[in-house]
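Shown here is one chain on its own, the form predicted alone, set out as structure tokens.
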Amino acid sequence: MTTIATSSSSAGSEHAGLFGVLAEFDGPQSLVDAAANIRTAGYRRWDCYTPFPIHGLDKVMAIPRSILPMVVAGAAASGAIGALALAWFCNAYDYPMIFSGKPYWGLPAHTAVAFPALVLSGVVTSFMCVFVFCALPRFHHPLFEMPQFRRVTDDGFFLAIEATDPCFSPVNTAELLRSLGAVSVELVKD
């Protein structure tokens, strides 16, 4: 039997080779209740894994709203304004031509250029930001090595607490998860 150190040294040296603790719960409500208690206990580096979205879980986990919609809207507006500015520069400033007494530049004629630029800028920005915000591509995660974690896409409800959390202790954290109604609790190697 191995002895687990419970000193208050830094998490990196104390829990070397350990990713954290994985706990399985029997249903969505027990997972939400456990998440609320984990947050109240002061844990900060933890996550929940479910086969489908659970209403209210993000509030319990205190996940802030994503800035992705604002970034995409800003990029889309910048793309449209940039396309209109380029059309103005080319048609009214750099190489002005008079056709039948029409103005050098007009907004209605150039909306056909601005709209695709708006859509393209928004799509490319959202695609790139999802990769950046989600830290993709990630080819390996320690939880993928756990056999029971394969059920997360089917019928498993899991909560994982990372060893880098300041409140983490392998023994105390596992006992806390068991007291919150976890069906199984296992240490996850890194």
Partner chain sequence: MTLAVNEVSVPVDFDNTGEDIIHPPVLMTGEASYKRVTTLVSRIIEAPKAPAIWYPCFFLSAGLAGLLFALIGYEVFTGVGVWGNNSPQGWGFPIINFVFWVGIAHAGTLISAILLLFRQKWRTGINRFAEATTVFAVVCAGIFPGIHVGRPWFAYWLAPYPNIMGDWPNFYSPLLWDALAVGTYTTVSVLFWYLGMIPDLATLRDRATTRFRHTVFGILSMGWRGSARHWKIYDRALLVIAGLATCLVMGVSSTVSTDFAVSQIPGWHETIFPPLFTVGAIFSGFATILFLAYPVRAIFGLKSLITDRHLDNVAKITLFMASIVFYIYLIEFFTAYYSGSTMERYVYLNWMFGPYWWAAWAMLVFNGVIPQVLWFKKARKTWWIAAPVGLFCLAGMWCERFVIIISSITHDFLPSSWHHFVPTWVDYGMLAGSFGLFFTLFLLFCRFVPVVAMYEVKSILPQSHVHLPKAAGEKK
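In this text, all values refer to a predicted model and were calculated from it rather than measured experimentally. Numbering follows the first chain given and starts at 1. Only the largest set of C-alpha atoms that superpose within 1.5 Å between the two forms is called the rigid core.
From this point on, the text means the form predicted in complex with its partner chain, which you will not see here.
J.: Please check if V72 has a heavy atom lying within 4.5 Å of any heavy atom of its partner chain in the predicted bound form.
T.: The answer is yes: V72 has a heavy atom within 4.5 Å of its partner chain.
J.: Heavy atom to heavy atom, is E145 within 4.5 Å of its partner chain in the predicted bound form?
T.: Answer no; every heavy atom of E145 is more than 4.5 Å from its partner chain in the predicted bound form.
J.: Classify L86 as contacting or not contacting its partner chain in the predicted bound form by the rule of any non-hydrogen atom within 4.5 angstroms, answering yes or no.
T.: Contact check for L86: yes, within 4.5 Å of its partner chain in the predicted bound form.
J.: With heavy atoms only and a cut-off of 4.5 Å, decide whether A80 touches its partner chain in the predicted bound form.
T.: Judged by the heavy-atom cut-off of 4.5 Å, A80 is well away from its partner chain in the predicted bound form.
J.: Let me know which residues along 22 to 48 have a heavy atom within 4.5 Å of its partner chain in the predicted bound form, or say none if there are none.
T.: Residues within 4.5 Å: P28, Q29, V32, D33, A36, R39, R44, W46, D47, C48.
J.: Given a core-based superposition, decide whether the C-alpha of A87 shifts by 2 Å or more between this form and the one not shown.
T.: Yes: A87 shifts by at least 2 Å between this form and the one not shown.
J.: Against the rigid core, is the Cα displacement of L107 between this form and the one not shown at least 2 Å?
T.: Comparing the forms between this form and the one not shown, which are aligned on their rigid core, L107 does not shift its C-alpha by 2 Å or more.
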